[in-house]
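Given as structure tokens, the chain that follows is alone and in the form predicted on its own.
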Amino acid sequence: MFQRLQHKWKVGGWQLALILCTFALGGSLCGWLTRQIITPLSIQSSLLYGTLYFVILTLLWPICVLIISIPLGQFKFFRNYLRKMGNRLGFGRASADEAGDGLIHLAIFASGTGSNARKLMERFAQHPKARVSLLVSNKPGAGALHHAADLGINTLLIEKDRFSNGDAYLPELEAAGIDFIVLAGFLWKIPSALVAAYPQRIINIHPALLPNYGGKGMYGRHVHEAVIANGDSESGITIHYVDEQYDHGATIFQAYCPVLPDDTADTLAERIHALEHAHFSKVVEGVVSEILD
């Protein structure tokens, strides 16, 4: 249950503990204040007492949890939480990132031609509970940006220093309501700030059978050249969660293909791409469906 809440709220274990403490302490404070208001009224009717208790409790609860959230450092979380609750109940007008539409909003990070990114965008175009809402790239001419434009998906072009050493573009991701990140041929290392903001909600595809042939510099044809040079009889793809290290997070899925005696980096790459196209978008959809369950 706790892991599911971490996924749902995009928080780490320590923050989840603080959030649950806020709920508990806020609820206790709310109940105590309600009794202090009602008791002096000496209401005899149990029906009237119960009705009044419920009404006052409902009105006080948001205020109490906000008060408790301040010393526990969770004010921003509860402000957004209560705002979304109000939007779902029809109070106020929801902004794009607070719409409470019940959808999982995905961002795809891509540096290259974007064939996997396009398959993901097309797969989620008609999905009833999830959609690709943003395409992020570090290369102005990346083909993935053109695919996004073709499909009417918003794009964000990022620069190295702010991404790696600044705020990791978290304000833009938050404004877009992003719940989940998919790396589809994205070549930069994901900064700790982004990993912390999306625990177990960033996944990557790697063109080899991790833990072999992973790490810095192991991408694209460099991987295939290493596999062939080592004389391996098989290669494949690995879809995995992202943590603070290159190609290190927990494995979600692997698929295999043979390495033929006359293979070159290019011919092996074709076989690997076929595996990517066959499995990546389907596995991503499965992981997103687990969040929705």
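Just count from 1 along the sequence shown to find any residue number. These numbers come from a predicted model, not from an experiment.
What comes next is about the form predicted together with a small molecule, which does not appear here.
- Interface residue remark: residue 273 is counted as part of the site for the small molecule in the model of the complex, having a heavy atom within 4.5 Å.
- For residue 187, a non-hydrogen atom is located within 4.5 Å of the small molecule in the model of the complex, even though that partner is not displayed.
- Though the partner is left out of this view, residue 81 does not reach within 4.5 Å of the small molecule in the model of the complex, counting heavy atoms only.
- Heavy atoms of residue 121 never reach within 4.5 Å of the small molecule in the model of the complex, leaving it off the interface.
- Here the marked residues 12, 191 and 202 all miss the small molecule in the model of the complex; none has a heavy atom within 4.5 angstroms.
- This chain is drawn without the small molecule; in the model of the complex, the residue among 197, 103, 218, 158 with a heavy atom within 4.5 Å of it is 218.
- Of the candidate stretches 73-81, 126-134, 160-168, 109-117, only 109-117 has residues with heavy atoms within 4.5 Å of the small molecule in the model of the complex.
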